[in-house]
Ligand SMILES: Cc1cc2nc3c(=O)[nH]c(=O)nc-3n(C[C@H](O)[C@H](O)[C@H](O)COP(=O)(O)O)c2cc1C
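In structure tokens, one chain follows: the form predicted alone.
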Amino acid sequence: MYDLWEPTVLGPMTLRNRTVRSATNEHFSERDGALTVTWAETQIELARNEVGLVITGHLAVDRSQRADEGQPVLDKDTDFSLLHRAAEGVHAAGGCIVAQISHTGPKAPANVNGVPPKSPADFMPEELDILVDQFTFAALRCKEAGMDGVQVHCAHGYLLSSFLNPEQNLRTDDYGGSLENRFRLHARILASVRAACGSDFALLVKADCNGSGNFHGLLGLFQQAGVDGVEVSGVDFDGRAGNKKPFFLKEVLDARTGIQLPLILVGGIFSRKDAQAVLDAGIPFVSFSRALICQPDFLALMKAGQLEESPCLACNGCYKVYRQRPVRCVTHGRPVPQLKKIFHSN
């Protein structure tokens, strides 16, 4: 139905192909969450190697709730010249770039932040107002820096994912109970970002297909909220080590009836064959993560006909190897300069 390399549109963005780099924590910040030149150059390197849409690793909207010491922060103290550098370089390379913005919530380690993590029940109503403002501020600064849009992270057990999960969201007010209530915070954030940034700024979300109890209903709510596209993952994505087949294709196909939103599938896609199978099933965009950690030029090699499948082991070693030695993939031997700095400061 679709060709991987054909130009296309996603919301207000014109993309050179249907490939997406899924948001992947680069672990290239300073210990205080400051962005680095290496972080910016990583986004540019991906665009130079045929990635159509680069989605950055998640940027924390609240520096007191970071996911780890490698996660950058996007607030009033951020060096926005590096956001601009990334956007300018990606555009010069022919790509588009979207910043993923996130609140870690219950997965925020106290030993990193110095304060306990926050679950849905921990937020007072006025704190939810602050949260909406934090996401909106982050999105506005991304627009000012020249980025093409933002992706609001609603997956993987982070705060907005946990609000949607009936087993994690135990609130008894207007933000708990029914799916519509559990979505209320998301609706407020998305409406605020859209109002602040306008329709010419892409508004994407990343969502779990198996964490809300009603994925079809959730897609319908995102559609009503007017987002430009949904990237589909799952709460158990990190428990599928060794699986090199699309993780959530069946769940997407089962839930998309009546949904007009462009969908992006991520998870377990490591070959041209499987990418094309996703497209042939009617999913218009294919998202890659671990294959691009293993080989930032994976898509360029595939387009040139030099590679049909990624040599990535799908071992999930990239989740922790950077803490053990200064590389980003277990198959890498040459240290990454910024990782070397982080590694030796442990």
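Predicted, not measured: the structure shown is a model, and the values here were computed from it. Residue numbers run from 1 along the displayed sequence.
One more form of this protein, predicted together with the ligand, exists but is not displayed; see below.
Taking the partner from elsewhere, Q100 is found to have a heavy atom lying within 4.5 Å of the ligand in the predicted complex. None of the heavy atoms of G52 is located within 4.5 Å of the ligand in the predicted complex. The closest non-hydrogen atom of L204 lies beyond 4.5 Å of the ligand in the predicted complex. With a 4.5 Å cutoff on heavy atoms, T36 does not count as touching the ligand in the predicted complex; it lies far away. Shown alone, this chain has one stretch from 42-50, 274-282, 299-307, 57-65 that lies within 4.5 Å of the ligand in the predicted complex by heavy atoms: 57-65. A heavy atom within 4.5 Å of the ligand in the predicted complex is found for one listed residue only; from G157, G220, G89, G268, this is G268. Looking at the ligand in the predicted complex, residues F135, R184 and I189 place no heavy atom within 4.5 Å of it.
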